[in-house]
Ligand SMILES: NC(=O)c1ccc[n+]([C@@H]2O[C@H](COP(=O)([O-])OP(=O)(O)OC[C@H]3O[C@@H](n4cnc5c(N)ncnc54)[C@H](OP(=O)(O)O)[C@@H]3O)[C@@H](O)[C@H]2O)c1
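In the block that follows, a single chain appears as C-alpha cells, in the form predicted on its own.
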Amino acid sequence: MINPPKMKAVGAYRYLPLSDPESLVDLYIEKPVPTGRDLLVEVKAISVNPADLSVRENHNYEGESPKILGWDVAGIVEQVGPECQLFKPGDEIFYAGSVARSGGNSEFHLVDERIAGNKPKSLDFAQAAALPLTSITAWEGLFDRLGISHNVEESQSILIIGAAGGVGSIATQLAKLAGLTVIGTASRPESIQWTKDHGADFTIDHNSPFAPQLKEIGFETVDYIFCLNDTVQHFANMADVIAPQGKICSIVPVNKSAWSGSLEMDLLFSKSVTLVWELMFTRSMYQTRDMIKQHDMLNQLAELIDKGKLKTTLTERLEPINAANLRLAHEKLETGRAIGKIVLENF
C-alpha cells in the first residue's frame, strides 16, 4: 500500500504559553485532497492575526490531531475540486479562509473558492498575504455592517479606534476612498505617523477621553465609529461622541475585554444609535448563501491595489515559515503594540 504524501506544517497539540517550545511545533502531516468547491493551494506566504492568538489560547483543545492555525494566505492553486468554477491550477490567489477549518500554516491548504480572490498583480506573495483577513474585516465593517456608501458626503466623519493596526490601516484607506473625514486613534509617535501616512485626517489618543480631543479639532460628534480595540474599555467614550442616529461597529466581543464590567446599552438609547458587530468568518462558518461576496470583495480590493488606490500594510517579513518564527511573530502580536502586519514566507 502506498503511503499518502506528507507536507510540512506548524501546529500544536494543546495550549501552552509561547515560552514553551511545544506551544507551536514543526510537523509533517498528510497532504489534503480537494473535493467539491475546494482549492488545493501551495502556500507561499502567511500572516499572523489576533485570531491566531485567540485560537491558540483556547484551553479546550487537546488531542491526537494537531491544531493548525493561520488565516491569511497567499499562494498558487495546485489542484481544484470537481465543482470549482472560479479558478484553475496555476492561478495566484489570496484569502483568509475559515476559522472552522484547518488553518493555512502548512505547505498546502484547502480553501473554498468562494472566499478566495485573485492576488493583486502588483504585489509579491508576502505583500498580498498581509491583506485578506484585515481587508475583508474592514470592508464588511464599513460597507456591510455600518452601511456606508462608497461615495458619501464629505461632511460625514468616522472615528476608527485602533487605526494603526492591521484592520485599522485598511479601514482608514477605504474610508478615505469613500469620502469620509477620518479620525484615527493612536497613542505613540510611530503609530500616529503610520495612521496619518495611511490617510487619517486627524488623530486622537485612545487612552484619554474622546470628547475634549475631538472638540480641539473641531468635532462635537462623529457620524460613525469603527471600534477595533477593547469594546468595553471604549464604550462610554463612544456613546459620548457618537452623533444622534449614528452607527457603531465593533470587532471585539465583550468577553474578550480586559476591563471589568459590561456594556451600558442604555447610553445609546436617547440618541437612537445603531450598534453592530463584525466577524469576517461569519459567512464561511455558517456557509451563508452570500459567502461568494468575499471572493468579489477580494477581487475589488486587488483592483484597487493594482490601480495604486490602496497599499499593503506589511511591516515585517520573517523567513522561513516554521515554528520558531511563528512563535516570534505571536510574541510580537501579543504585546498589543504591533503596527501593520507581520508576514512569514517560504517553507
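Residue positions are given as counts along the sequence shown, with the first one as 1. Keep in mind the model is a prediction, meaning the values are calculated, not measured.
Although not depicted, the form predicted in complex with the named molecule is the subject of the following passage.
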Heavy atom of Ile251 within 4.5 Å of the named molecule in the predicted complex = yes
4.5 Å heavy atom contact, Ala186 and the named molecule in the predicted complex = yes
4.5 Å heavy atom contact, Gly336 to the named molecule in the predicted complex = yes
Hey, in the predicted complex, does Gly117 get a heavy atom within 4.5 angstroms of the named molecule?
-> no
Counting only non-hydrogen atoms, which stretch in 76-84, 272-280, 172-180, 90-98 is within 4.5 Å of the named molecule in the predicted complex?
-> 272-280
Candidate spot Ile46, Gly70 and His109, all three touching the named molecule in the predicted complex (heavy atom, 4.5 Å) = no
Leu142, Ile161, Ala130, Ile158: which sits within 4.5 Å of the named molecule in the predicted complex by any heavy atom?
-> Ile161
Quick one: of Thr221, Asn229, Gln193, Ser122, which gets a non-hydrogen atom within 4.5 angstroms of the named molecule in the predicted complex?
-> Asn229
Does any residue in 155-184 get within 4.5 Å of the named molecule in the predicted complex, counting heavy atoms only, and if so which ones?
-> Ile161, Gly162, Ala164, Gly165, Gly166, Val167, Gly168
